[in-house]
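Below you will find one chain, with nothing else, as structure tokens; this is the form predicted alone, and questions on how it binds or moves follow later.
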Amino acid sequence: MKTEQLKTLFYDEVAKCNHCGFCLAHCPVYTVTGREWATPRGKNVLVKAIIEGKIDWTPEIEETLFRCTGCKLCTQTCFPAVETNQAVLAGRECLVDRKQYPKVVDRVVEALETHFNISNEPNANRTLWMEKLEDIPDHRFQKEKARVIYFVGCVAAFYPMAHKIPQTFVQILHKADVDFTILGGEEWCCGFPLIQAGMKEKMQKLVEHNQEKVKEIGAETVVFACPSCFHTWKEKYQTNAELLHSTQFIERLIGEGKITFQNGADRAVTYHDPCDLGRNSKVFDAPRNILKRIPGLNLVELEGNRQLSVCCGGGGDLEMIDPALSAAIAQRKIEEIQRTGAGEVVTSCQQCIRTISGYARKHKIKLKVRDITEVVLEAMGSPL
């Protein structure tokens, strides 16, 4: 995206910012760094000044625009509802045009172009998480035709800390007699990392491939446990298939009587709304409705919940670009969780699992971090 396009598309948007500063207390990057450039209003001022020709693209601008989690809490708490994140992404595209972007991004681009996943491993390794499952069907959850596709996502497929999510979710689907398949090595990255990197034009090959696979299988529904995959498909893909997050699909199965829960031990849990599932995709009730149906579970809400949920620090490619900043945001998230008094936090996002549990493990913080699929399978009884 050229600067002239930035002016045409986003000048009116950033000009809506009245610099009131109400966003300061909510921006996860600013609350950690305390620097004005990190604020949404700061980013809006810089983008506006560039459009007006008052300043030029500099390394400092690069640092500013690539230090954003994409959580959009700024817009949620902004009186004129300025879409700061859209201007940030457009600014990143301009920086990419000028080859002024964090070069660590090139490794991800190469991985996606070579292996179609962010881990840069052979794409056939997408099913290695299945090795720890026992008594699985001979087809290993990969069919030529199925009514439902479970789109696993790169993080859950390749990062061991998130393997529990596909391991538990396929067991839930199997126990509920759902006619489903996974794509295995034929699943390609959804393209979300490229959008966040300012390189959305590079994702078209990935999009077309994944859309074609849905057609070949004849699936009526595609289900995602990853909110970023879910949000990307809803925003960027063209398909006649119904798109649902795993929490929405599980809630449906409960309503159909295909999932029932056994009595469990009384315990308090809190729930963290992932940014791309809650605020950005408006899925708030499904996970809470599920947790409230589980006997013995007492849901204690976080101070920032639903629309006001605070990012874990893992969004917007931030973990890749500035891992120290991502970790500092995760620390503040854990402090908020601890204030609830619950020893267990449940979420619905593989990246949130990695970010929160990774920080807790590294700093020896006693906190149980679980995806909602784990909680559901446990409440259903023994696994496969």
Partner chain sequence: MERERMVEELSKIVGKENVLSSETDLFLYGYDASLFKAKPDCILFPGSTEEVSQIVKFCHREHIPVIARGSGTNLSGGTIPTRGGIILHFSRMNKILEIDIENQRAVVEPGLFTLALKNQLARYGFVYQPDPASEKVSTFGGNFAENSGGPHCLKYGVTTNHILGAEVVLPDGEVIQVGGKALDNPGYDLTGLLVGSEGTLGIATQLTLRIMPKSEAVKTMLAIYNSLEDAGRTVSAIIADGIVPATLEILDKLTIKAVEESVHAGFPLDAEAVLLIEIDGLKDGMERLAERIMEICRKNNAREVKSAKTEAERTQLWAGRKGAFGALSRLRPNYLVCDGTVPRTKLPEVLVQVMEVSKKYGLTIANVFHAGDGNLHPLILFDERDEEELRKVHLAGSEIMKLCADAGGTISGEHGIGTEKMKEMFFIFSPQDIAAMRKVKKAFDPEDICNPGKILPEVQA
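Positions refer to the first chain, counted from 1. Computed from a predicted model, the values in this text were never measured in an experiment.
Form predicted in complex with the partner chain: not shown, discussed below.
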**Study point:** 4.5 angstroms heavy atom contact with the partner chain in the predicted complex for Ile365
**Key:** no
Point to revise | Thr127: touches the partner chain in the predicted complex, heavy atom cutoff 4.5 angstroms | key: no
Exercise for review: Could you confirm whether Arg354 comes within 4.5 Å of the partner chain in the predicted complex, counting heavy atoms only?
Suggested key: no
**Study point:** Close approach of Val346 to the partner chain in the predicted complex, 4.5 Å, heavy atom
**Key:** no
Check your understanding: If we take heavy atoms and a 4.5 Å cut-off, which stretch out of 76 to 84, 162 to 170, 199 to 207, 240 to 248 is in contact with the partner chain in the predicted complex?
Key -> 76 to 84
Check your understanding: Among the candidate residues Leu65, Leu318, Leu46, Ile337, which is the single one with a non-hydrogen atom no more than 4.5 Å from the partner chain in the predicted complex?
Key -> Leu46
Check your understanding: Does every residue of Tyr11, Gly21 and Arg41 put a non-hydrogen atom within 4.5 angstroms of the partner chain in the predicted complex?
Key -> yes
Practice item. Any residue of 226 to 255 with a heavy atom within 4.5 Å of the partner chain in the predicted complex counts; write them all down in order. Key: none
